[in-house]
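In the form predicted on its own, a lone chain appears below as structure tokens.
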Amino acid sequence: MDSLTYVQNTFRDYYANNFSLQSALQMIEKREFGFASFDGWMLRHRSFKTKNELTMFLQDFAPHDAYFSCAYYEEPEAEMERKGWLGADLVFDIDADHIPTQCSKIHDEWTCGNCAFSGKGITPEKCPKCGNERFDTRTWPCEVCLDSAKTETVKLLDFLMRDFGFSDKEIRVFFSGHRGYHIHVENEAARSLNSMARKEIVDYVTGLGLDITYFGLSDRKILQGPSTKDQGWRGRIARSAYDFVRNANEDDYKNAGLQTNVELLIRNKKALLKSLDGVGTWSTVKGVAFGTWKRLVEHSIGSISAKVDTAVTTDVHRLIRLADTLHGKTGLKKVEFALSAVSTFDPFKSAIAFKAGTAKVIVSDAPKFRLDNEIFGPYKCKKIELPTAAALLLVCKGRAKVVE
């Protein structure tokens, strides 16, 4: 049995015997569905009247990946220009691919599709050698990457509830099944927003285009900075700067781009904290000039903004992965969990679809990883029998091949 056949048969067994569409799906009859096959083609413009009808289709088709539209349509099965757009949920995608982590330089690789120039870490927008924008990538869903994505998710949820006023009953959180999280906002007012309005929301949560003069910062002797008690970005920046100054050591200041006046900043910590926590003047410490405050604000914006995939949120016709289905790159499930469980949610336990069985594989190379409470690897050119979930993950990621 070749590896592709193994994955296909394993997926088919899941949909036939273990699949259950547990997550709610509002107005299912108004959604478009799409399915990627194991033969490499995409089936689009499908619709279903009930969850039961959709379930039966999945059991029969057993897709490599399954998607549904964030949008609602009058005619979901029609071509795009004739569908009759009725609105769309506000959806965010937070993926480790867009978050700088030290571990990505170890397990993530990219190769230019034109000149074959390669590197490690986050894939660049253009090849440094030839300028090409197409890359072959090789990533890994490690715990550090997913913890980083979870941190961004927590920041985004705080923006959505505190600044935009969405309730926890309108927000749904999912592990994507690969390297990140999806946040769905199901709110009637948000549903009608066009792409430009959604772009404004993205710009807000990412801190794009923030003008420091809005916060009372300009190149003058007296700086009227924001207070920790302010609402919106003003308060966020003041609170972030306050926490940074309270806890920062010399290296933290230098890493934040504050190369000068470090000793002065540390020595006058109490005065700086008082300025940030109060109302009005920040320039209370002699020698701490505009440039220092400016860099501190810029550092705060970078640390508290939420890193989201802009294209996903602004696309009002977007297809996104269907909950409870398998991710073709890992064999893990996309699963929903409660907002109250964000801090404790463990994707390497809750997203495992296969609890029984084993498979023999030859692993080319794989880092150390965990599934449930079991540790695997690292492996290098090793033939080994593994539990189905571990073997499937390695095969789906192109790190192993099935052997008889």
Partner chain sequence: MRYAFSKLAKNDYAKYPFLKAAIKYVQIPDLRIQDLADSNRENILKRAQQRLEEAIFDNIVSRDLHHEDIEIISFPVAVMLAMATKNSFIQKRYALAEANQTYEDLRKESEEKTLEVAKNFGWELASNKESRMPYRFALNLVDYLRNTTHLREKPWKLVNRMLSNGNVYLGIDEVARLLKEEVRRHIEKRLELKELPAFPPKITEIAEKIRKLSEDTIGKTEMEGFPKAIVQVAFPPCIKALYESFSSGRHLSHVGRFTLTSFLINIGMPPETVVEFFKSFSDYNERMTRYQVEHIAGEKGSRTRYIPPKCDTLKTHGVCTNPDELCQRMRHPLSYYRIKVKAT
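On a predicted model such as this, the values are computed, not experimentally measured, just so you know. Residue numbers count along the first chain shown, from 1.
There is another form of the same protein, the form predicted together with its partner chain; it is not shown, and what comes next is about it.
Mapping the unseen interface onto this chain, G232 counts among the residues with a heavy atom inside 4.5 Å of its partner chain in the predicted bound form. Its partner chain is not drawn, but in the predicted bound form it has no heavy atom within 4.5 Å of T139.
Although the partner is absent here, E81 lies within 4.5 Å of its partner chain in the predicted bound form, judged by heavy atoms. A residue is said to contact a partner when one of its heavy atoms sits within 4.5 Å of a partner heavy atom; A248 fails this definition for its partner chain in the predicted bound form, lying far away. Stretch-level contact analysis of 329 to 337, 144 to 152, 176 to 184, 163 to 171 against its partner chain in the predicted bound form, using heavy atoms and a 4.5 Å limit, identifies 163 to 171.
Note on the partner interface in the predicted bound form: the residue among C112, A190, A306, L319 having a heavy atom within 4.5 angstroms of its partner chain is A190. A heavy atom within 4.5 Å of its partner chain in the predicted bound form is found for one listed residue only; from G209, P100, G287, P128, this is G209. Scanning 292 to 324 for heavy atoms within 4.5 Å of its partner chain in the predicted bound form gives T310, A311, T314 in sequence order.
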